[in-house]
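As structure tokens, one chain now follows by itself in the form predicted on its own.
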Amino acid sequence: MIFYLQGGYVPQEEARVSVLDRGFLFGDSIYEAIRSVDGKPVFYRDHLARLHHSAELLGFDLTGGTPDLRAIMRELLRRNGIEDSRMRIVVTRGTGGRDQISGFTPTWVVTIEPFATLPDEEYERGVAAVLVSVARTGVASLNPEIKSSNLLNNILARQEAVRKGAAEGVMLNPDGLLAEGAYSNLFWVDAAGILRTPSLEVGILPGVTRQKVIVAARAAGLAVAEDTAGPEALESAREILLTSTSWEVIPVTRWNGAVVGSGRRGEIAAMLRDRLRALYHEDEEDDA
């Protein structure tokens, strides 16, 4: 594949950053993962706004200018000859010594790979998820609005889930409230048919797909609540859903070893995935 690195396009095997880059040394970097559908990046402005918000919260100096990321992504699609992809924008603070505190020039990298969706049968069958012992990093330790490339917390949560035979691990916040999955946002449908998701106040990443699903659900007439709840709320859920750029909307049909609902994808999960996919083509940002 051809990647973008610091103003140029290079083959994947030649895309390297310095061993003194702060992203490599300290995980001092941020990222966004963006889908392209039919050759167009989707929800671009949402991702770009979150990228700049993350940079601001970390004190990255972007006064030297931001590359034209939309043009870069379209050029990567052209050079690699693909239309449906997953692209990852990574920005590090830059290269410098351990004790350097200013004067950095950010490093910009954009990678691309063909988008590989899960088989339709997996969306019908659903996946297993478990509660993990790894807690979501507390707000006082790391602002969850920063989409940091330092994902050790998430990696440990996913490893524990896999050891337990699950596809995803759901984390609690330090107060024992439902937060999010290791690589996904969490939703559930309660006994009254209300679609619920942990509130941002709990300390979760404000997922772009999460927000689009909330919008799609309300447009379909569903009641949606951003909630604070303990893990017991999932024990009586009619449906449990996970959302992400890569997974879109995938149902959890086995929670902590117990069957959820009918044990197959529910109506709300199916409807929300269809409506999310429709937004890919309705998004006015594509043609901006």
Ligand code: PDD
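Because the structure is a prediction, the values reported are computed rather than measured. Throughout, we count residues from 1 along the sequence that is shown.
As for the form predicted in complex with N-(5'-phosphopyridoxyl)-D-alanine (PDD), it is not shown, yet the points below apply to it.
In the model of the complex, N-(5'-phosphopyridoxyl)-D-alanine (PDD) sits within 4.5 Å of a heavy atom belonging to Tyr183. Within 4.5 Å of any heavy atom of N-(5'-phosphopyridoxyl)-D-alanine (PDD) in the model of the complex lies no heavy atom of Leu48. Within this chain, Val134 is remote from the site of N-(5'-phosphopyridoxyl)-D-alanine (PDD) in the model of the complex, having no heavy atom within 4.5 Å. Although the partner is absent here, Thr209 lies within 4.5 Å of N-(5'-phosphopyridoxyl)-D-alanine (PDD) in the model of the complex, judged by heavy atoms. Note on the partner interface in the model of the complex: the residue among Tyr31, Phe60, Trp255, Tyr44 having a heavy atom within 4.5 angstroms of N-(5'-phosphopyridoxyl)-D-alanine (PDD) is Tyr31. Comment: N-(5'-phosphopyridoxyl)-D-alanine (PDD) is not present in this chain, but in the model of the complex one of Val109, Leu76, Ile214, Leu205 has a heavy atom within 4.5 Å of it, namely Leu205. Note on the interface: of 76 to 84, 124 to 132, 183 to 191, 99 to 107, the segment with non-hydrogen atoms within 4.5 angstroms of N-(5'-phosphopyridoxyl)-D-alanine (PDD) in the model of the complex is 183 to 191. Along 85 to 101, one residue reaches a heavy atom to within 4.5 Å of N-(5'-phosphopyridoxyl)-D-alanine (PDD) in the model of the complex: Arg88.
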